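Read the single chain below, which is given as structure tokens and is the form predicted on its own.
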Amino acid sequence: MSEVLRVEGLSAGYGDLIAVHDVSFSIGQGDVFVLLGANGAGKTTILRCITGLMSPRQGRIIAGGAELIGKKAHEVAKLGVSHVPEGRRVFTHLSVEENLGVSFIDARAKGRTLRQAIDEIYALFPRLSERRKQHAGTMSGGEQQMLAIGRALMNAPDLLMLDEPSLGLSPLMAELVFERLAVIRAGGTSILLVEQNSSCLELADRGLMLANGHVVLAGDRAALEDSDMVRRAYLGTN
């Protein structure tokens, strides 16, 4: 199985604060890799380093056969890495279809026209098709999350990274989002998932748990589900 992302010895921080200490992991094609941990554990910092939104102190990040450190966010996207940030951040004054259209990069189209790419998103999220002319800012949080994911998929990425996609959603809507992520994964797209919802473990192949920027647990889904550390510190169960 080919590798779509490799992170080696990553350390990063803000000013004098070191938020991530010597983190390493890899993600294979079609894998779902989960980053667990409480708020402030360093999860979002890792995503920001991968996407070129901040520069790490040390380490390597390899995707698409290229070193990502030093590249701008748009250069990382062209290498097949898409990011759905926390809070969705859709263009509220644009329609659903306009949001999708402005996200399309010809270089990553993989033989698809803009129309074909949009129709693929509508097939994945039929609710977006129903609201294609609606301004994104007038939609529910769950619908906006669908749009944010659809926007990230417009360029057929090799790796889809999501920062807490279930945050603020009803249980029913969160379940729908996770169901769609399973479909995306079945299509061969790798997923790096940051979550505070225990349902994410049902999708995971492997993952790691962070505490204060350090890796305190790493393993496959069974190891994470069976860990007393995860149940107590992250999932809030005994």
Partner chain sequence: MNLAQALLSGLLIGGVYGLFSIGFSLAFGVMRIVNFAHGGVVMLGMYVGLYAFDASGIDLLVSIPAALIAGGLLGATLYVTFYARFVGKATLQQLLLAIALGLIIQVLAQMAFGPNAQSIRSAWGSQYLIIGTMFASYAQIAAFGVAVVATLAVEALLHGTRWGHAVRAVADDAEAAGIVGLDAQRINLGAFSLSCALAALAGSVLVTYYPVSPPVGFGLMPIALIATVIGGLGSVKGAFFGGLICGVVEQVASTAWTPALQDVPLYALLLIFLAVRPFGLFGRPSAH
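Numbering follows the first chain given and starts at 1. From a predicted model like this one, the values you see are computed outputs, not experimental measurements.
Just so you know, the form predicted together with its partner chain exists too; it's not on screen, but the next bit is about it.
A77, L124, M139, A156: which sits within 4.5 Å of its partner chain in the predicted complex by any heavy atom? The option sitting close enough to the partner is A77.
Between its partner chain and T51, L114 and R151, in the predicted complex, does every residue show a non-hydrogen atom at 4.5 Å or closer? Affirmative, all three are within 4.5 Å.
Partner-proximal stretch of 208-216, 179-187, 22-30, 66-74 relative to its partner chain in the predicted complex, 4.5 angstroms, heavy atom: Stretch 66-74 is the one.
I'd like to know if H135 sits close to its partner chain in the predicted complex, meaning any non-hydrogen atom pair within 4.5 angstroms. H135: contacts its partner chain in the predicted complex.
Against its partner chain in the predicted complex, would E98 count as a contact residue? Criterion: heavy atoms within 4.5 Å. Yes, E98 is a contact residue.
4.5 angstroms heavy atom contact with its partner chain in the predicted complex for T92: Yes, contact at 4.5 Å.
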